[in-house]
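The chain that follows stands alone, in the form predicted alone, written as structure tokens.
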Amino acid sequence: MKIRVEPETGGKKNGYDIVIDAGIIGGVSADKAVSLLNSAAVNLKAGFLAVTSKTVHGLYGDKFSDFLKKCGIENFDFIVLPDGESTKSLKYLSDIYDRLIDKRMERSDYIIAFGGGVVGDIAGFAAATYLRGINFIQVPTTLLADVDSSVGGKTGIDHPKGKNLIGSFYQPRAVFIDVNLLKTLDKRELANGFAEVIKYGASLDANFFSYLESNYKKILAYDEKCLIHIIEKSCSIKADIVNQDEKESGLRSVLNFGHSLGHAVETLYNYENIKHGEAVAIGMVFAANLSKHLGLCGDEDAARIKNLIINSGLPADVPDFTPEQYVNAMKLDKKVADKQIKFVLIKGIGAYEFKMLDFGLIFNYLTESVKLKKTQNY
């Protein structure tokens, strides 16, 4: 199946297809492989640099090489980066630039991101900035990347003081999602991606949220049909939003549900010992409870979100950092303006509301939450 992404600000120039199927890498004929790339107007005679991670290269490097050869691509190379969020740094970005320069790659050549969200973000930023823009293709290998980071053109690296503080909007030429690549993910990584799927239902689609409540066990047991459905639905929702608001000037901010506190959690953990989706899960529960506190939604709405997150094996409780630490981390968020932060709240399952919140309000709510937690532990 194909989903078209065509942002209004870029029109057809920036338009591209998301192709979702099982067995794209290593499971299609040479004719089908060539057809896939031809449909994206990829020049098979150009040079290609595949940016990947150590784990993905070990699992699928040979299969991906075979796929490229099936397509008639002869001029390709790999750069293999370490696993983990810490790879999204200036150091490894510089390594990619060095390889691009050593290979004398030109604007007509291609970078392929073959990996999870970290690989997609750093490879995309390299593509956006090398020679002021080189062709870029996304081949995500995790559920998190399938439904979130590979779609929409957000690229970037982290700074020690905050997540994704250095980056750009840069759309790929194509996204190829092979659901079979998810079979080698461990349970924790699959749940990590499922958190972003929950986000779409919780803030934008009540019926989809109900589907997730009914089918989370099958999804987390790698049911192919369910996985294809949730990827297709998530990508469709995101594509529709990106088409209307490519550069997050308004509507696209809804995709940050759970991310304001979530990014703060990641920063306070120094991007170690917690995964992005896990931090977002914590952030969604926090945002739902804050919505309830502000009278926007009821107890049942907040409880349903928390229950699905817990049932999916994701964390729900705010870690034991101080309110001061959380507020200071959130002050570096990209959505801060006039000493307030743009928060995505819910008016019920599948309905959102933006509010500019004063940091004093967030501090006081966190302080009361800490007091309540201590009381409950006695």
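None of the values given here were measured: they were computed from a predicted structure. Numbering starts at 1 and runs along the sequence shown.
Below, we turn to the form predicted in complex with a small molecule, even though it does not appear here.
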item: Which of 222-230, 201-209, 85-93, 285-293 sits within 4.5 Å of the small molecule in the model of the complex, heavy atom basis; value: 85-93
item: Contact test in the model of the complex: residue 71 vs the small molecule, heavy atoms, 4.5 Å; value: no
item: Proximity of residue 349 to the small molecule in the model of the complex, heavy atoms at 4.5 Å; value: no
item: Any non-hydrogen atom of residue 59 within 4.5 angstroms of the small molecule in the model of the complex; value: yes
item: Contact flag, residue 166 vs the small molecule in the model of the complex, heavy atom cut 4.5 Å; value: no
item: Option touching the small molecule, based on a heavy atom within 4.5 Å in the model of the complex, out of 121, 278, 109, 301; value: 121
item: Proximity to the small molecule in the model of the complex, single hit among 340, 325, 55, 65 (heavy atom within 4.5 Å); value: 55
